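Laid out below as structure tokens are two forms of one and the same protein chain, each shown alone and named structure 1 and structure 2.
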Structure 1
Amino acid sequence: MNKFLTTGLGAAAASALPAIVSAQEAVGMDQRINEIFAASTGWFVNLIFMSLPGTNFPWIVLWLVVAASVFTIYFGFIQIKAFAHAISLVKGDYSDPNDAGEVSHFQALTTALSGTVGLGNIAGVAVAVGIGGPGATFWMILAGLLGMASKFTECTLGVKYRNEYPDGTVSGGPMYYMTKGFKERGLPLGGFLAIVFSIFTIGGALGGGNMFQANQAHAQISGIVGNYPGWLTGIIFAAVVFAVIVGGIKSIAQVTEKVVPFMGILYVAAALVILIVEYDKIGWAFGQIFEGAFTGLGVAGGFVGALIQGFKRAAFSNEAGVGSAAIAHSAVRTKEPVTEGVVSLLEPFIDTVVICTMTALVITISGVLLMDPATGQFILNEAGTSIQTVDGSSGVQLTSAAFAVGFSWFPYVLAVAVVLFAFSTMISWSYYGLKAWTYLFGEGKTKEIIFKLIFCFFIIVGAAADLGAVIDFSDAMIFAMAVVNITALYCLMPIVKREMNSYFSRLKSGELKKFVK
């Protein structure tokens, strides 16, 4: 879900490019599209990813981290206070048995997770550790922990202001709390924010949630079976996604939804096994992480470099504050919006604090990052931009190499996982995009099908071409969502606080009880 991956992983896609487009004029076409796109949207991309003066720290990352810190303090460290309660809610301890058959907390959480767990956890972390050193992990964990408060805020609002239609379906997300919540507080511009947010969401869905995923999936597949035209992957992916979202072939989505969690568990299990086998190095690895966090251990940019990379990865991987999770979580069956906010706390925790940390530990322990035994400092590559690796790889390939030290067969499993993660992320984002689309243009079969067809078309485009500028633009869109969404969250956070205080006081007084099984 980010532009920084494209630099790492794009290399694989770029090397496949000559094979993709056999006709020269097609290459020319790609370039022309790139140029036109870059010329007209470059200012927007630059604006979103602009660095703070005198640093290479993108302001958007600071925006996300500051918001997460503000919510953490404002809600009194809700991520720590309510953590045990979140697990209790997911287990169904507070679910009314008469609501059996409705969307459970567990289902809402896992649905949202399938949209965020993906390339960011596998490739993104490798990029972060490769550039920022193991110390980046410390800042990543910290940002993940803070991000839990952002999720809590947006998901509570998502459920509180969702629309429930007469036919029993529900629709929720930032556009609804922007309009309804702002109206309730007597604030202006709610409708305007909702429209801007929806436009960015459609852009993000087609880009980061679609083209980028297709592009990376193709890079993975061609990395294993050898180069072949990208449009072929694109057409296959598009056909499968088409079957799911237009054809309503639920079985494919259902299979994915079952296989993806299995892949996630397999990934964590493999990481755990490696850590257990190499248990004597865990202490050393954590030492590297803490030491590197404050000294940088000689990585590019030193301590600040580690901090920037860690914050970036966490923010880009768990999407806390972006607003996408508020759409996914809002279908849950609950009378108390705060319950879903509390459950959503677990999302950045699982995504960033657990899965990303596993990846980082395995990479650190595996020794794929080259270190100078004399000084204990990492060896930088010739350009001095990142740490030299065993085989010169970065991104997914680096993670793959690190796991291969433990299990030689793991790269194949990882390739399958990446493709499935990419697919489930696409399905999730097709839904987010559709919600934004129908918010703008109204509901209706024809309007929905138009969006879905556009979505499928962009899969082919994403897999076939290395449209860097297009992907940069759509990544910028995802983070532009965060600009609008967090602005709204700041305006509406008193409402969340009121809900939170009311809920926890009733929980404490025993008014809200566990259901005895």
Structure 2
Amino acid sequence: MNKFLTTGLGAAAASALPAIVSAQEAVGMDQRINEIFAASTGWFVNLIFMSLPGTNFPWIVLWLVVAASVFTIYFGFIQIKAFAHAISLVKGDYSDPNDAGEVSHFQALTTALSGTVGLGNIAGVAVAVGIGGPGATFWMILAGLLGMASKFTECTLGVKYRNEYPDGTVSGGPMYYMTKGFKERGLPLGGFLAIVFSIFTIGGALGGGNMFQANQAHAQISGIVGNYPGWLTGIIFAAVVFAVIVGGIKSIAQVTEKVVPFMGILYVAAALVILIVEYDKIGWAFGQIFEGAFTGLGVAGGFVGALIQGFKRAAFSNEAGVGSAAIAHSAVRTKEPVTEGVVSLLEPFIDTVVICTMTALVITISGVLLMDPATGQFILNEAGTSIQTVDGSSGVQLTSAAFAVGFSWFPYVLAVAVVLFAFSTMISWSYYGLKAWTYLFGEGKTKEIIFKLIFCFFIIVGAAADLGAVIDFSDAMIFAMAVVNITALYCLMPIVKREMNSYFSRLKSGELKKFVK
């Protein structure tokens, strides 16, 4: 996803309101909404993103990284042991089409990936490298590898405790394993945690997973074709998104299994071409990454600054521990919960270790970061808070400038990528929000349609207005999901270990065999 990127990226959509509203009125309206939201929700945003004393390291990031480390050790480095098996499962080697569920392992993976791969991989990495230097990439990769264990834990539980209905549909996610899992272990407050988690999920879906995506898509499109009303972008997106999500998870999965590989391959291929052209600098770039990870190479905050930026970017990009992916993975066709836990550990690897790293390498190799030739250190700005760039760009502009060194036409490819990332994120988060909605208000076609219409309405709102405080609040709600979810994972991880040991012992003995197609 694309957390913490609203500042400075969405201003282009500020004037995109219907023509009947003057520009001055639009600005005044946005300011009033921002002031109201900031006054009433600022305490919540500040609480979630509060830094640890004496640092600029948000406690919520430490909460995610510590949990990922605990799960990595507790499950015996499952991300390494099960990696090859995960690929076999995604290929369908063990898939029985008669198992309960709605989508294949591959479709579940692409649906979850579509909710995490986004502007965070493009602009967020640029911010991390621009502040923490290339060394931030090392810590970003490490946090991504650790996060694979968090995904394994939550997605295994998501499948184990999902609801399966007579019509073949399923509903799963943290709210279900909080209620059922806590009851199984005789623990209190499972129902309460599930309600709180669902509320946070709906808020995050309508804001960070919806309005912000529409806002940034409009900003990118208008930057290419010229300014025009944002509500036009919103209406088009709303219509296309509704056409997809009205068919449920099967329809969403059919789209994401095509869009996610396409946009991922498009982006990585462009990066690979640049790396091939500049192959003689690859060794140097990795040297900068490893040396900068432990010395800081004179960048802002040195070693600590690189570590903080790397961990923040990984946590904000792959959402490991947030619980959102468990909702998508719960829809998979399988009778073995551990299989989807294993598949899900590929998600942080693809999102963070592959895509984010490619972005960081291109930025480092491109020469868009200023370096002192005498010392070999990157040059800080006058305030000493970030690395200077050749043209003063940052965020998505920095990534665009880095790719433009090899391809002058890349900004157009980037615009396409941003639109695809925004679209895929919206359809995935519509499903997350829907399942939280139906958990609170009950299953039923009418209730589902109501939420889908509300979701699409907020797409138009997001594209047509600059609602900074609203988006900040929704981002805080997404990470508040992690507070509730990880608390539940700590309580339920013995169940996951029991399932894991049973599955792999049966796999080793030959009891579980590849499905003959």
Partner chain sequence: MSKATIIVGLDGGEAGNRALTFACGQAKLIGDCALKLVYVIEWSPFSFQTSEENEQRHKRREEELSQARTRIMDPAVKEVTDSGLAVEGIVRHGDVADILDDMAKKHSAQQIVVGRVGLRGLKERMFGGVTGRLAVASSVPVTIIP
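Residue numbering: sequential along structure 1, first residue numbered 1. Keep in mind that what you see is a predicted model, and the values were worked out from it rather than measured. Rigid core here is just the name for the largest C-alpha set that superposes within 1.5 Å across the two forms.
- Looking at the condition given, the form predicted alone, one finds it describes the source of structure 2 alone.
- Fitting the two forms on the rigid core leaves the C-alpha of D96 displaced by at least 2 angstroms between structures 1 and 2.
- Core-aligned CA deviation for F451 between structures 1 and 2: 2 Å or greater.
- Annotation for G191: C-alpha shift under 2 angstroms between structures 1 and 2, rigid core superposed.
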